[in-house]
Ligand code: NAD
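One chain follows as structure tokens, the form predicted on its own.
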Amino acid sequence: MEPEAVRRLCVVGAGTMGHQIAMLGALAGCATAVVDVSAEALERAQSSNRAHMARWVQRGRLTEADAERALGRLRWTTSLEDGARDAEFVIEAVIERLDDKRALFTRLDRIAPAPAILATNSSTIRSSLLAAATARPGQVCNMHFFNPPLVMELVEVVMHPETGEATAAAAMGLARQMGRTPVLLRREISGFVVNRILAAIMDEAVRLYEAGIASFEDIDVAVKKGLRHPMGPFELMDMNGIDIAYHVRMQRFGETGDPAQRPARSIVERYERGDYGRKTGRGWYTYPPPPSS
């Protein structure tokens, strides 16, 4: 039996992932609170979602009335208490640092109603590490959307050893409610399915580049033309954020202690310079500044 539809959703983090997940929730009929510590981030997120919906209306995917109704279901706040206090389901989409996420889950456990499910969008941090910071481990799971959520259809729902069947079913149901295609992983593993396969490609691409075998531009061309991927591995790193690639590797190194899991030299160099990719205007490639409003 399909679980009941979620009516009240809270998304914590208004970055690219968070605000687009929130938009999916609003389009699915959820009254959705978006929480971020930065008022400026919330303003950018609102503008981005309005622009996305305007394009959908222009392309005939939505009527203008439906777009306005969906946008009207979004509520923006810098207060976690305000955003999560009546939520049925919370999705966390903050920076990929375990300590930050654990602290957030501890706060959410105090604030969110007792029946609420707490999900993390993390693709690398296992939800068991966050569940331990709460008094509701059976109601915690990973719910990994792909970037950008408004375009990518897949959601990986990952159970940790204490995740309840009802929690997994509710997360799968919410993904379907949002029009996404969920897959269920009954055992947690770092990187899950897609990113473990993708990481192997990216690791080999960086090794080839650092060994001087080919330029990163030519490696991207080879992958796109030879494997029919829509983006090359370096283009994808720039889109997802080189800072994310760095933190993912550091998380794996912290878990395994294996020096081979450390981020590659060329990733560290860009991270330390603050060249994170599209979001900063420079990563592997250089990007034009966004048009002034």
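Computed from a predicted model, the values in this text were never measured in an experiment. Numbers for residues come from their place in the sequence shown, where the first is 1. If you superpose the two forms and keep the largest set of C-alpha atoms that fall within 1.5 Å, you have the rigid core.
FYI, the form predicted together with nicotinamide-adenine-dinucleotide (NAD) isn't displayed, but the following is about it.
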| property | result |
| --- | --- |
| Interface residue in the predicted complex among 150, 129, 223, 94, criterion: non-hydrogen atom within 4.5 angstroms of nicotinamide-adenine-dinucleotide (NAD) | 94 |
| nicotinamide-adenine-dinucleotide (NAD) contact at residue 17 in the predicted complex, heavy atom, 4.5 Å | yes |
| Exercise: residue 12 in contact with nicotinamide-adenine-dinucleotide (NAD) in the predicted complex, heavy atom 4.5 Å | yes |
| Contact flag, residue 36 vs nicotinamide-adenine-dinucleotide (NAD) in the predicted complex, heavy atom cut 4.5 Å | yes |
| 4.5 Å heavy atom contact, residue 209 and nicotinamide-adenine-dinucleotide (NAD) in the predicted complex | no |
| Contact check for 32, 65 and 76 against nicotinamide-adenine-dinucleotide (NAD) in the predicted complex, heavy atom at 4.5 Å | no |
| Heavy atom contact within 4.5 Å of nicotinamide-adenine-dinucleotide (NAD) in the predicted complex, the stretch among 183-191, 115-123, 68-76, 165-173 | 115-123 |
| Contacts with nicotinamide-adenine-dinucleotide (NAD) in the predicted complex - residues in 140-171 whose heavy atoms fall within 4.5 Å | 144, 145, 147 |
| Large Cα move at residue 239 between this form and the one not shown, threshold 2 Å, rigid core | yes |
